[in-house]
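Shown next as C-alpha cells: one chain only, the form predicted alone.
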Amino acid sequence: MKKLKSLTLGLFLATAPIIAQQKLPDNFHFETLTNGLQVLTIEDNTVPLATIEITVRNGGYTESPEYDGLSHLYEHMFFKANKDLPSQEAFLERTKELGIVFNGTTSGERVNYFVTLSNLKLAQGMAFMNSAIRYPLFDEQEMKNENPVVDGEFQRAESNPVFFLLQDSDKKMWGDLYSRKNVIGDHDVILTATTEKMKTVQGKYYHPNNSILVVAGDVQHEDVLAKAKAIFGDWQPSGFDPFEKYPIPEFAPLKETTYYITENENARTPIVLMRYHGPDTRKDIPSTYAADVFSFILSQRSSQLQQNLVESGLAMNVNVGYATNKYVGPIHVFMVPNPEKITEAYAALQAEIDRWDSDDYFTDEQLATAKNMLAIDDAYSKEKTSAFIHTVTYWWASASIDYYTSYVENLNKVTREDIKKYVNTYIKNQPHVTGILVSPQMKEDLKINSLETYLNN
C-alpha cells in the first residue's frame, strides 16, 4: 500500500484536485510537485523503452458552442512549432533525432499527448514534452495547414452513417449542452480558429495543477521524479481551480422520451439506437460498476437478451453498453433488427427491458462469468505498457487512479441487488432517446412518418 503525499503549499493548496487514492500497485509511484503537477511512474523493465504522457483535464466537456472542437485542434497543434522548436521542420527533425513515436487523443473529458522512445533518452524526451506543453506558438499558417488533416477525420467519421445516428441522438440527449459531448467538434469552428482562441484554451486549462505527467516503462521512479522536478518544476500553476472558475454546467435530466429518424443515403440496413442518461463517477460510483457487469451479462450468448432477440431471428445484433464519465455517462442499446421484423424486434426488446430487474433474469453463473471476463479484459489491457498508460490517464481524468486500480476488486462486489438498483434508477421506465437510421428509400418503403407511432403500433 502506498499513501499519497498531500500538497501543502499556498494558494494552490485550495485549488489542487484532491487525490483520494488509498493504494496503488507496487510498480506505481505517485508524487505531486509543488506547482501541482502530478507525476506517476509505472515501472516495467521488460523492454528498454519509456513512454512519456501528459494528460490535461480538457476535452469536449469544457467547450461552449463557440469553442466546439478546439480541444481537438489543440491536440493537433501540440505537435507543431513551439518556442524551442520554432517550426514544423525543426519539430519533426527533433523527433527523428530522438527516435520518437508520438501521438495524442481527445475525448470527452481528457486530452492526452504521448511519446515513446529509448529509455536512455528519457531526459531529452521529457524536455521535448515540456517545450510542447508549455510553449506552443499556435502559428495561424500551421493551423491552416492542419485543416486537411482535420477534414480527413471528419470525412472518415461521416463515411459511416452511424455517425449521423449518434450525432442526432447526442443533440436530443444533451440539448443546449450538445457541444460538451461533441468531441470531434464543429467543423466551421475548427476551420476558423484563431491564435487568440487557442491561447484562451491554454489559459483556462493548460496548467500543471490541471495535468498529470506519467512515465511508464524501463525507468526508475526516483530518476523520473528528479527529472520531473528539474524540467517541469518551474511551470507556474494557475492560481485557480479551472473547474471552479469555469464550471461545467450540469446536464439537465431527460424529461420525456423522444424519437427521431436519421436518413442517410449510405444506410444499408435499419439500425435502432436507444440511449439513457446513466450514472457518473461524481454521484454514483457503485452503479458505474453495476453497469459494466450488467452490460457484459447481456452480451453473453446465453443471456435472455441474446436468446430472445438474436437467436430468435428478430435481430441480427443487439448490444448494451455504458460509458463511464465524470459528467453523466450515457447508456446505449444498439440493435440491428431483422429488416422484415423491425416492430416485432422493438416490442421484444421492450419486453426484455421490462424484465431486467427480475430476480431470475440472469443466473449466478452468468454474473460470475461477467466478472471473470471483465477481470481478464483488464489483465489483458496491461500487456503492453505503452498502451496501458492511456487507460490509466483516462481514469485519472474521468474518475481517479484508484477507481481504476481497484476496478476488479469493486466489480467482484457487485450484487444482483446492485444491478436491479442500476436498472430501476437509470433504465426501466426512465425517459430515453430512441432513433432509427434508414435510407430515404427504406423510410418510404416502411412508411415511417413518426417513429414513435411506427414502433409502438
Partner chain sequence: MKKSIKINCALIISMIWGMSVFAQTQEFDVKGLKVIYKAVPKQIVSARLFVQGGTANYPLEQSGIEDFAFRLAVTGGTTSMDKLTFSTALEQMGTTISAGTAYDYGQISMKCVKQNWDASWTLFVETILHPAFDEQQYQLLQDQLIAEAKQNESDPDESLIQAAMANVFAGKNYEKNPSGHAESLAQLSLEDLKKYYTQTVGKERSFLVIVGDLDVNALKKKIAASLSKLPKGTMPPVEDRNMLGEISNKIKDRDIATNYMAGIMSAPTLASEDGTAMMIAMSILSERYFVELRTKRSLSYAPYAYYDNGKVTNPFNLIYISTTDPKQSIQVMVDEISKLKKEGFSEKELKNKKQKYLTQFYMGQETLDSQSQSLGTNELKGGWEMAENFTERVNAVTLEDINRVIDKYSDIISWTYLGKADMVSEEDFLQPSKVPADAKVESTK
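Residue numbers count along the first chain shown, from 1. Treat the numbers as computed from the prediction; the structure is a model and nothing was measured.
Form predicted together with its partner chain: not shown, discussed below.
Asker: Evaluate Pro161 for contact with its partner chain in the model of the complex, applying a 4.5 angstroms cut-off between non-hydrogen atoms, and reply yes or no.
Answerer: Pro161 belongs to the contact set for its partner chain.
Asker: According to a 4.5 angstroms non-hydrogen atom cut-off, is Pro65 in contact with its partner chain in the model of the complex?
Answerer: Because no heavy atom of Pro65 falls inside 4.5 Å of its partner chain in the model of the complex, the answer is no.
Asker: Tell me, yes or no, whether Glu109 is in contact with its partner chain in the model of the complex, where a contact means a heavy atom of each within 4.5 Å.
Answerer: Output for Glu109 is no: heavy atoms all beyond 4.5 Å of its partner chain.
Asker: At the 4.5 Å heavy atom threshold, is Leu166 in contact with its partner chain in the model of the complex?
Answerer: Leu166 lies outside the contact set for its partner chain.
Asker: Only one of 228 to 236, 273 to 281, 144 to 152, 204 to 212 gets a heavy atom within 4.5 Å of its partner chain in the model of the complex; which is it?
Answerer: After filtering at 4.5 Å, what remains is 144 to 152.
Asker: Assess the spot marked by Val39, Thr262 and Ser358: is its partner chain within 4.5 Å of a heavy atom from every one of these residues in the model of the complex?
Answerer: No.
Asker: Exactly one of Glu89, Glu222, Glu244, Glu250 has a non-hydrogen atom within 4.5 Å of its partner chain in the model of the complex; which residue is it?
Answerer: By the 4.5 Å criterion, the partner-contacting residue is Glu89.
Asker: By the heavy atom within 4.5 Å rule, which residue out of Asn308, Ser295, Asn182, Thr116 makes contact with its partner chain in the model of the complex?
Answerer: Of the listed residues, the single hit is Thr116.
Asker: May I ask you to list the residues of 285 to 305 that have any heavy atom within 4.5 angstroms of its partner chain in the model of the complex, in sequence order?
Answerer: If the 4.5 Å heavy-atom criterion is applied to its partner chain in the model of the complex, 285 to 305 yields Ser299, Gln300, Arg301, Ser302.
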